[in-house]
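One chain is shown next in structure tokens, namely the form predicted on its own.
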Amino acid sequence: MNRNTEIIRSETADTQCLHVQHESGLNIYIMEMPGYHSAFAMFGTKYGSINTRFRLKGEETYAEVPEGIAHFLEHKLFENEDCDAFAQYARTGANANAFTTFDKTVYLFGCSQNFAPSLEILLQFVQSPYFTQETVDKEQGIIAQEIRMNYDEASWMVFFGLLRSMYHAHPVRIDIAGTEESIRRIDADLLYRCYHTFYNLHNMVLSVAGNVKADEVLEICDRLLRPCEDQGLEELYADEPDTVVRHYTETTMPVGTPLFSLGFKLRPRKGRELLRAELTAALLMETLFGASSGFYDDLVRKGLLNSEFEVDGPFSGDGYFMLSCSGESADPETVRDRIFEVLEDAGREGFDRESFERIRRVHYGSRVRSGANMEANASAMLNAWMNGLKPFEDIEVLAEITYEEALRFLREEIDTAQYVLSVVRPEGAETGC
């Protein structure tokens, strides 16, 4: 079978991977890791909860499908007419799972033996959809219960309160699982339509790392992958203003201490520009608000924060980009005001260059060391493809980012006027603003 192959190497991390553009349309990344006894594989499609409006080449209008259908499809794909994939994996001893995010769905397994038959199971069941209305109806009840359970999770409520107050129209504001009303509109025909649209191999990637041989992986792929035509998939998102919906949102739940999440809406980006912005923002936010910052030390001493405080990683994808931090505080409004002060002071006067460089070196070293972790490698290769990048580009960018670039990013990109504070307060507590 015809293949286009290339070796992608990182001199810094002293590692490399093989990239294969398979004749079937699938992109394949393989990292052989001699000396390892286990292997890890991920088979993903660029299809998540935000992909609800689309069309294929030759179609004049965009189809619109219910929210939550990507997650629903992930649940159903493990089942086939005879048995389910988990039963097959039980015979090989592999540990299998899957997940759906806002912008992708990934099926994965790890194993210390029987890698070849486990990979065959992965490729076969993901390419073999089987849905009936009876099994769809049953799954609707299961997922509806999952959705209701989310409303009992304070961390989920504070996060989606943030998203719904941040984004006017972008589907990132909707729960990955959808709503009880939206999943009731899902039927077997819709599942097949979305499957054949997004599970086209041109829209998918296979990433393998660990105790594997590239020739063995490719022999299995040559046998089991089903060549398909590139359908010219186009996706459409509603126009999203630069402004937020509201600056404050609140709900009450049976919690002991108020939970909060403070976010800033930024200009969305793609590709290497997005990667550079994500890494720059992550370094900047950790320098200003991380566990070693003066801000954190001061607010912990004053009892305004505790060890639950986190500087969240940049939250970004097609059409959205947000920076946030979250935690517990008896006075979230004062924490918000102090964060504003730190951002504004740093924008005017600069911030600790030495701390920034130390944190950059820590991130850089951590990323290089992750090359010894097969799961991290498989995930990094898959995510790079999903984001239109090559593996190891993040290492290159981390080596390049400067203090001056971070300061410029703070001054030009972070607008404290475009913020949202989401709070979950104890039941019966006084509300804030």
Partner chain sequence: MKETTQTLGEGIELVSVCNPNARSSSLNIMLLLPAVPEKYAVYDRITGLLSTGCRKYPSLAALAKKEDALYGASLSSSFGLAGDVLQISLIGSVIADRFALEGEHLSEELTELMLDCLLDPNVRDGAFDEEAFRIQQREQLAAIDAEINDKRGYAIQKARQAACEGEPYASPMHGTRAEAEALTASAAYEAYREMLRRAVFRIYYVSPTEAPWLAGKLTGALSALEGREPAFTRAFHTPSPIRETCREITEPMPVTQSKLVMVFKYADLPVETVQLLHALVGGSPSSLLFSNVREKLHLCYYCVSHPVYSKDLFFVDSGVSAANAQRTREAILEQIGAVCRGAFTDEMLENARRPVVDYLYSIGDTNYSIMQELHDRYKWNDPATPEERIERIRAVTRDEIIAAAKALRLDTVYLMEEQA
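As the structure is a computational prediction, the values presented were derived from the model and not from experiment. Numbering follows the first chain given and starts at 1.
There is also a form predicted in complex with its partner chain; it is not shown, and the following applies to it.
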### Query
Does each of 15, 35 and 296 have at least one heavy atom within 4.5 Å of its partner chain in the model of the complex?
yes
### Query
in the model of the complex, which of 251-259, 330-338, 159-167, 221-229 comes within 4.5 Å of its partner chain (heavy atoms)?
251-259
### Query
Is there a heavy atom of residue 26 lying 4.5 Å or less from a heavy atom of its partner chain in the model of the complex?
no
### Message
If we define contact as a non-hydrogen atom of the residue within 4.5 angstroms of the partner, is residue 145 a contact of its partner chain in the model of the complex?
### Response
yes
### residue 83, heavy atom within 4.5 angstroms of its partner chain in the model of the complex
no
### Query
Are any of the heavy atoms in residue 57 no more than 4.5 Å from a heavy atom of its partner chain in the model of the complex?
no
### Task
Let me know the one among 188, 116, 342, 300 whose heavy atoms come within 4.5 Å of its partner chain in the model of the complex, would you?
300
### Task
Using heavy atoms only and a 4.5 Å cut-off, determine which of 103, 175, 139, 278 is in contact with its partner chain in the model of the complex.
139
### Message
Heavy atom within 4.5 Å of its partner chain in the model of the complex: which residues of 75-90 meet that condition, in order?
### Response
75, 79, 86, 90
